[in-house]
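There is one chain below, alone, in structure tokens, taken in the form predicted on its own.
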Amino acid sequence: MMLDPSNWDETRAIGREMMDDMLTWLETVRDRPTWTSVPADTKARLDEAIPYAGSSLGEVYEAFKRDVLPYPTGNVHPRFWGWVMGTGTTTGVLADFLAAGMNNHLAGYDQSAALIERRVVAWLVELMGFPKNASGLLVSGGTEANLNGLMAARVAKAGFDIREEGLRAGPQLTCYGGAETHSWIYKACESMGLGRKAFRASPVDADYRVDLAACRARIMADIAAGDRPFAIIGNAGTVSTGATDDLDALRDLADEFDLWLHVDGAFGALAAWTESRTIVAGLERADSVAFDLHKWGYMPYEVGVALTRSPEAQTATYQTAAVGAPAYLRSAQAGIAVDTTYFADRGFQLSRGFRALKVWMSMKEQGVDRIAGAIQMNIDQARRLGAMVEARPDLELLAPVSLNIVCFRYAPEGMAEDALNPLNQAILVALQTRGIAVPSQTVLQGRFAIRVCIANHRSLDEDFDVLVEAVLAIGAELAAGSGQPPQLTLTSAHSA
């Protein structure tokens, strides 16, 4: 049974309506609340039975407009600064439509889409200061990109054939980084069979950067105990505060013990494109780096990037030929099956979508300088917001503003310390539920922080003025007891 439309003209008309509605929705985003909770009646409608019998496309689209479109996370809004969520662009929206229409399978093959991804990766390699022959791959996001780098590190530095023999063939493998490293590291250690304890978290300094002396001491202790260190993880923009480790010093430390240096630059690595690139100095010396274009590159989800300095290290980790490729995946000298698994040999996925099109179209239409300008604008906005916080006696800055994250709290003079955490939790919830703005949260040295992560190309200076005034007004309202402060339950201080 064919699934193409029975009436192409009708489908074309609805498709044009969809495109026009979505562009209008983006154009008018500032006119709506930053976030709105999904109402009970909408949730009830969405809790529907399996649709064995289909409906018309028009009816389905009306349901989308009524029950789906009005209730996003809000990250396209100019006053969304929660977690590390990018905002997307209209170019990316259109590119994803085109990519879905082509429906390419990007394991490799002789096709235009493969050439586009290879070209995009070459651009990104150059922009990050990696050697021209470095290898790369577009992936779902930071967790997968970081895992890609750590997997390459494990194969390169294990000291035995771990792909063939498995973990039992050698000693306990260990890796190192600061305590502010994102929780992907624990998922990665679990996924690789190393166990969570394989990551040795070192304390951080007052600026939330890894303590190099403590890290070095732990490496030496583990070597003495018979373990095998294989990698150090540096951070270019920690999740909680945006801190960047001393990447040059970590490179030197890795070289001292012949370890792999992987940099988690999920959002902070993109500072390398700007006039503030010295913040991430040393990034170009890493063996691998992970970052997300759907965060500070402002592109629609999903598109993360895994770059590896040595192409041989990346293919040695994933290439099927290295362990005997099955006949159905072997490349041919001619025909479509040339380089059948070019990208599959650089990552875990075999089935892959055309993520590269939105990157290619965005970079060509906007230009790297314009994207970098938006990133620098966000850095400048963070510094301005930090200065505003420090200038207000009822506000307290809780961490240095080193990149694009501002952590602060409402702390009026004379209020007891034990009252400040619940009060600031309540302020955060009020900001979100009233649709004013969406910051997120973290906890720094036991103090609850309103965390503003600025990765938004639509934000204007006046949006931060609105935020500051709202925090002060809501704080005064709740402190005066005019409302019952709602409570926010934290599940993790390291969610991105």
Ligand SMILES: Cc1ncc(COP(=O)(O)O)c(C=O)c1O
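Residue numbers here begin at 1 and follow the sequence given. Nothing here was measured: the structure is a model prediction, and the numbers come from that model.
There is also a form predicted in complex with the named molecule; it is not shown, and the following applies to it.
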{"item": "Segment assignment from 310-318, 335-343, 159-167, 135-143: heavy atom within 4.5 Å of the named molecule in the predicted bound form", "value": "135-143"}
{"item": "Residue 297 within 4.5 Å of the named molecule in the predicted bound form, heavy atoms", "value": "no"}
{"item": "Heavy atom of residue 287 within 4.5 Å of the named molecule in the predicted bound form", "value": "no"}
{"item": "4.5 angstroms heavy atom contact with the named molecule in the predicted bound form for residue 292", "value": "yes"}
{"item": "is_contact(residue 264, the named molecule) in the predicted bound form, heavy atom dist at most 4.5 Å", "value": "yes"}
{"item": "Selected contact from 254, 239, 106, 150, since only one has a non-hydrogen atom within 4.5 angstroms of the named molecule in the predicted bound form", "value": "239"}
{"item": "Residue (of 184, 354, 260, 176) lying close to the named molecule in the predicted bound form, criterion heavy atoms within 4.5 Å", "value": "184"}
{"item": "Any residue of 81-109 that, in the predicted bound form, places a heavy atom within 4.5 Å of the named molecule", "value": "84"}
